[in-house]
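A single chain comes next, written as structure tokens; it is the form predicted alone.
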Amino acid sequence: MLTILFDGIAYGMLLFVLAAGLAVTLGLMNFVNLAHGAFAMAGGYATVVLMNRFGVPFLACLPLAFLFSAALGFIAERTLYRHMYERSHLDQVLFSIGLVFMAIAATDYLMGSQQQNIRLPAWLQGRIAMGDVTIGLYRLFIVVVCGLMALGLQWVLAKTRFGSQLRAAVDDRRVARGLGIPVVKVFAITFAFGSGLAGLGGALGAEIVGLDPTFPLKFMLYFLIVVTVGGTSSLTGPLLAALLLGVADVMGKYLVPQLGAFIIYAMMLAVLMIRPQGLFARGR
């Protein structure tokens, strides 16, 4: 049971990194970007190409996947997304869903429809025993890396000048501009960083969750559950929601596979009935 619990925690930490960028764009930038999974897919495919075609080591691929997805996010924000900030959420949803299907079609054309695989280095393969618990080395690696990233993100948003500028720009853009805050630059950097996080999550998750052109659609609902259940006023809520989702999903598949995703959706409904604004929503 403890082994299953640890695997669920590792899966939850991976979901958090994948969804953290959406939590930032939706919660702090007030932009509904359902194409977030496309940037995660881009990072995953960048890792596959770098490892399988060019022989780049796995650890070197992780920052490269982040930078590749961040660059795509920056270009998309400057050319496409910036025109949608003032539009309604419905317009943003329709726009980003259109981008999802464009990304799927382009990936299928360029990379094929088959599932892609990567080979982890030897030191990340296998499992270690700690008493009665058997821990996968790669899952332990994911927990450590994602945990450090969660702490770093929370510090950046809560303690740095850039985090203060971002919160001010979201609260009132006109006043923020009057105070000398470069709102356009702040939003572009934030969107690119969120896209880079998604790409890093895609690179880390390629071996666990699989990678194919339908990736953005398959995990879109998971990202939304993490952000909706956790709330969008901080990253603490999405982190806890991702852990709950990961543990519930893994335990459900091991213990009661017949129920499928019922456990996840039941958990989501229960939380939202008690806390409609999410676990860590700001009081109004």
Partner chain sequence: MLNKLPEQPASTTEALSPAAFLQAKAAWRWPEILFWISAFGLILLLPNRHLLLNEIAILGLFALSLDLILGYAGIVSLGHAAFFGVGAYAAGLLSKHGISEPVTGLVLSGAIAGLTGFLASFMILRGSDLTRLMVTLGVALILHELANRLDWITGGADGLLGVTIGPIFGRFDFDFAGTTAYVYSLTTTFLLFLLARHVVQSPFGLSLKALKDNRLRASTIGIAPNRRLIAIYTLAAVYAGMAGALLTQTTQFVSLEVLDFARSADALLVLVIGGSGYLYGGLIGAVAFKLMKDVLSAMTPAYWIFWMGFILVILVLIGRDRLMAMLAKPFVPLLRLLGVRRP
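Just so you know, these numbers come straight off a predicted model, no measurement behind them. C-alpha atoms forming the largest set that superposes within 1.5 Å between two forms make up the rigid core. Numbering follows the first chain given and starts at 1.
Quick note: we don't show the form predicted in complex with its partner chain, though the next part is all about it.
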{"item": "Arg167, Arg78, Arg177, Arg87 - the one with a heavy atom within 4.5 Å of its partner chain in the model of the complex", "value": "Arg87"}
{"item": "Partner contact for Gly98 in the model of the complex: its partner chain, 4.5 angstroms, heavy atom", "value": "yes"}
{"item": "Partner contact for Val56 in the model of the complex: its partner chain, 4.5 angstroms, heavy atom", "value": "no"}
{"item": "In the model of the complex, Leu221 touching its partner chain (heavy atom, 4.5 Å)", "value": "yes"}
{"item": "Partner proximity in the model of the complex: Met268 to its partner chain, non-hydrogen atom cutoff 4.5 Å", "value": "yes"}
{"item": "Which of 146-154, 100-108, 192-200, 115-123 lines the interface with its partner chain in the model of the complex (heavy atom within 4.5 Å)", "value": "100-108"}
{"item": "Full three-residue contact with its partner chain in the model of the complex, heavy atom 4.5 Å, for Phe6, Leu255 and Leu279", "value": "no"}
{"item": "Displaced residue check between this form and the one not shown: Ile9, CA, 2 Å or over, core reference", "value": "no"}
